[in-house]
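First, one chain by itself: the form predicted alone, in structure tokens.
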Amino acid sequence: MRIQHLVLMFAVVWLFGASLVSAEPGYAPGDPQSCLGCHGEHGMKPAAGILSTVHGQKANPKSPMATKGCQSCHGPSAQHLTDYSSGKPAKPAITFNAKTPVAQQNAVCLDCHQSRERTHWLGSPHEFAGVSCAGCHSVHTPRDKVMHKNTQVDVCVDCHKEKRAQMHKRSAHPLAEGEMTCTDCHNPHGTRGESLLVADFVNENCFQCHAEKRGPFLWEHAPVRESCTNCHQPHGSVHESMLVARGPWLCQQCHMASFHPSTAYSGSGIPPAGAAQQMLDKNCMNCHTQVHGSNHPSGARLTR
């Protein structure tokens, strides 16, 4: 296989050698045909799939393939075609792997992709952590996993393993079922808000789906207006409704005043030791049903 590969490479050099003199200095001629001689569908490192993507549309003047072909991203790579001094082809000017600095890799992508969702990339958590574009995206394949609803989550949780565990807990958003994707809530390229949320604030993010919780309400519940995450763990929880703790203990983190409820509830109210209504079924919400806010004239205690 190695001998066949070398013979094929020399054949490519011979076919395009006549135009080497007239080519732009450093750039190999005949791109992408000269590249596909080795990187075709059955090559050692196949990359022909890019021709089925937006990057490979030569009729589109904004496409890399319409300018310098493969070398639009990989840089001037004539030596990759002709230099075998080390016994194997010299590397292209830019390779999208661990051997090329992340900043150099990303600079190639950002040369075109700077607007819209990528506006806040510089200084974002992923950029600051040294994440490369190629670490998430696969541009040589017709189907980039991170761009498709059914496979995007798998790409994200490959690094965010704690989120993988949370989304498989008993109460979670339907990420594991493929009904949601990470980018429904987050923009991995950077945002103005916290945690790469697509909205500027946590609540605005949640209200995109949970509009009934938005209000305004006549009777507001202060922690709800402040942040949904005061009470909910959005990636998944062992408690009902993705709560960060089970009621009444969640409620009593704030509601421990000199009036009701002034009793610190414990397991003594659970059968067979006892049967306190504040410990059973929906606990505090047995009475305080409108915990997100109420518009009822008598809803001051969020009971109606």
Partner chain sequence: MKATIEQGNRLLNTCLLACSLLAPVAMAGEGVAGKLNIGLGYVTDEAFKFGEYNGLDNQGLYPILDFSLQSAANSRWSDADYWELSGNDLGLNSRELSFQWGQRFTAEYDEITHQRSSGGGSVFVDNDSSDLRLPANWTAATSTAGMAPFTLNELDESIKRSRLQLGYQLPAFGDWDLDFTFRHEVREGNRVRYGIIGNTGGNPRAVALPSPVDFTENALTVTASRAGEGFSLQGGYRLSLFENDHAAQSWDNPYAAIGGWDPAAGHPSGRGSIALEPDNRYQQVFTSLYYRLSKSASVHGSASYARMEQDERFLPYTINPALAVTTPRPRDSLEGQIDISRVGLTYQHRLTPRLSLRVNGAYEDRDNKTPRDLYIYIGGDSQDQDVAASSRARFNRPYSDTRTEVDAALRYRWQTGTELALSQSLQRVDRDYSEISRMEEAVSKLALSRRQSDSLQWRASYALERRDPSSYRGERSYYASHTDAYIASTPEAERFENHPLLRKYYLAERDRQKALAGLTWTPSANVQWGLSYHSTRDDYDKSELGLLQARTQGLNVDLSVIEEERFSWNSFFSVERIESEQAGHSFRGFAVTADIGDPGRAWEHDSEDSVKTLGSDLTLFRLWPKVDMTLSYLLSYAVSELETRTGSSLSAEAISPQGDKLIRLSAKFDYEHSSQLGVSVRIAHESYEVDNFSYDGVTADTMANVIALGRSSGDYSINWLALSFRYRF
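Worth saying up front: this structure is predicted, and the values here are computed from it rather than measured. Residue numbers count along the first chain shown, from 1.
We do not show the form predicted together with its partner chain, though everything after this point is about it.
Chemist: For the chain seen here without its partner, which of 72 to 80, 133 to 141, 219 to 227, 86 to 94 has a heavy atom within 4.5 Å of its partner chain in the model of the complex?
Modeler: It is 219 to 227 that comes within 4.5 Å of the partner.
Chemist: Looking in the model of the complex, any heavy atom of residue 38 within 4.5 Å of its partner chain?
Modeler: No - in the model of the complex, heavy atoms of residue 38 and its partner chain never come within 4.5 Å of each other.
Chemist: With the partner left out here, check for me: in the model of the complex, does some heavy atom of residue 239 sit within 4.5 Å of its partner chain?
Modeler: Output for residue 239 is yes: heavy atoms within 4.5 Å of its partner chain.
Chemist: Is it the case that residue 27, even though its partner is missing from this view, gets within 4.5 Å of its partner chain in the model of the complex, heavy atoms only?
Modeler: Although its partner chain is absent here, residue 27 would stay clear of it in the model of the complex, with no heavy atoms inside 4.5 Å.
Chemist: How about residue 277 - does it come within 4.5 Å of its partner chain in the model of the complex, if we only consider non-hydrogen atoms?
Modeler: Yes - in the model of the complex, heavy atoms of residue 277 and its partner chain come within 4.5 Å of each other.
Chemist: Is any part of 46 to 83 within 4.5 angstroms of its partner chain in the model of the complex by a non-hydrogen atom, and which residues would that be?
Modeler: Residues within 4.5 Å: 51, 52, 53, 54, 56, 57, 58, 59, 60, 62, 65.
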